[in-house]
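To begin, one chain is listed below as structure tokens, in the form predicted alone.
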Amino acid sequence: MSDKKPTPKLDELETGPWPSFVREMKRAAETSPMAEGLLGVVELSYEDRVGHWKHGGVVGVRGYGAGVIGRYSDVPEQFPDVAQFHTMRVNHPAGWFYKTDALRKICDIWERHGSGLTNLHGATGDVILLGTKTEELEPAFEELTENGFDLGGSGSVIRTPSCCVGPARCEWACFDTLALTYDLTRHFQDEIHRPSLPYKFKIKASGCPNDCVAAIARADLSVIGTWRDAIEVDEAALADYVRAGVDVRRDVCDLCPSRCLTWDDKTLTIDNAACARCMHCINVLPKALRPGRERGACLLIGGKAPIVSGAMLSSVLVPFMKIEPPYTELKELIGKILELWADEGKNRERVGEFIQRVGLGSFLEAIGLEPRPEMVKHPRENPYVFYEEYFEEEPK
């Protein structure tokens, strides 16, 4: 065990009413020298106002190029127990459902081979196992695979696909997010484990337009559930809402972004052709309104939410696609996108940035998709797909 060093600055972070990561690190440090060393490095970083971590080389496990993030301390002489502090990403189950014995197995493995510190879940969605030495990577990986776990994605790969709880717990799911995520994870194993792309590529699936995993802002490819026909209306349930005092005109119709709803104090009329599928009316009147029966997903592309700068929201790529096994149409489209981007993209250029550079029209032509009116920068304005026939020269 390393000698304990005072941590006055970290101690201040324990004084608030909220749960403290410092408190948990101190508890781990009671049995883990790595956790004890980590406290010292973090305290020194606060004192010096610089981070004391560096990337010092490629580390990983045999057969994989991703899943391990190498991290080294630049003050190893002061904190030898965290001279190496590598992170392992473990592929999460779809919807983040775990049995308690699965969590115990992960924790036991990490106490044997790492610091005992975890992060559920990282921005990609994986289980993050924080801090281990190079010589412990293979033994940890071996135990994880023996217990049914696999590493997730890191670096320039398809990151571990992620999704909302979907039909497991939500009645609004327009497709089975769990089945799709599991299938895509198995289908794109090579692209998840072996870096072959210009940069990271995230796939996230939300079962309905409420988009509970924020795919539109965080994923390079968003699969967001929607419907193509009319919103279903239960007139009796709607009458119950009115008797209970719900102001349908004020709370529903006046807040509809596309103004496709009208209420005459007796009847709710919906112009489904103008509906933007925002879910507001269904969220307010969940017992009276439901998504239509012809369900699938809208595909969007180009979102990213970096920590420093350059956040982008996704743009519509395919307005509607049926999402059913074996998901051939979706897989083929993803394959075309990856092939084009891998060939033409610049190093560390996200696919959304690539589309901005080459233009959406050129991108669509290369992957074999026809331009659609839904492909707009901002809803209902500024279309940035141009139809060549509009620019033909007038006959002289």
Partner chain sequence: MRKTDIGPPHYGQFLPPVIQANYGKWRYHEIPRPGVLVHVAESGDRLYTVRAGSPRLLSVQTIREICDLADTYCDGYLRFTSRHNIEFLLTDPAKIEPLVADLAARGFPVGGTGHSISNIVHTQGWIHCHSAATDASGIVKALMDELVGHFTTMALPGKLRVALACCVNMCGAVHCSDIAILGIHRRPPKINQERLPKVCELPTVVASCPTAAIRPTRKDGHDSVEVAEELCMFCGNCFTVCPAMPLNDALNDGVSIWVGGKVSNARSEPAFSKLAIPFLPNNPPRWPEVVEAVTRLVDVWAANARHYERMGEWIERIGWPRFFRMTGIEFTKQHIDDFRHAETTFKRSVHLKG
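Take the two forms, superpose them, and find the largest set of C-alpha atoms that agree within 1.5 Å; that set is the rigid core. Since the model is a prediction, treat every value here as computed from it, not as a measurement. Numbering follows the first chain given and starts at 1.
One more form of this protein exists, namely the form predicted together with the partner chain; it is left out here, but the text below deals with it.
Using a 4.5 angstroms threshold between heavy atoms, H113 stays clear of the partner chain in the predicted complex.
The partner chain is not drawn, but in the predicted complex it has a heavy atom within 4.5 Å of E171. Although the partner is absent here, Q189 lies within 4.5 Å of the partner chain in the predicted complex, judged by heavy atoms. By the criterion of a heavy atom within 4.5 Å, S315 is excluded from the residues contacting the partner chain in the predicted complex. With the partner removed from view, the residue among N272, S196, T145, Q78 that has a non-hydrogen atom within 4.5 Å of the partner chain in the predicted complex turns out to be T145. The partner is not shown here, but in the predicted complex the stretch 152 to 185 reaches within 4.5 angstroms of the partner chain through a heavy atom at V165, P167, A168, R169, C170, E171, W172, D176, L178, A179, Y182, T185.
Fitting the two forms on the rigid core leaves the C-alpha of S362 displaced by under 2 angstroms between this form and the one not shown.
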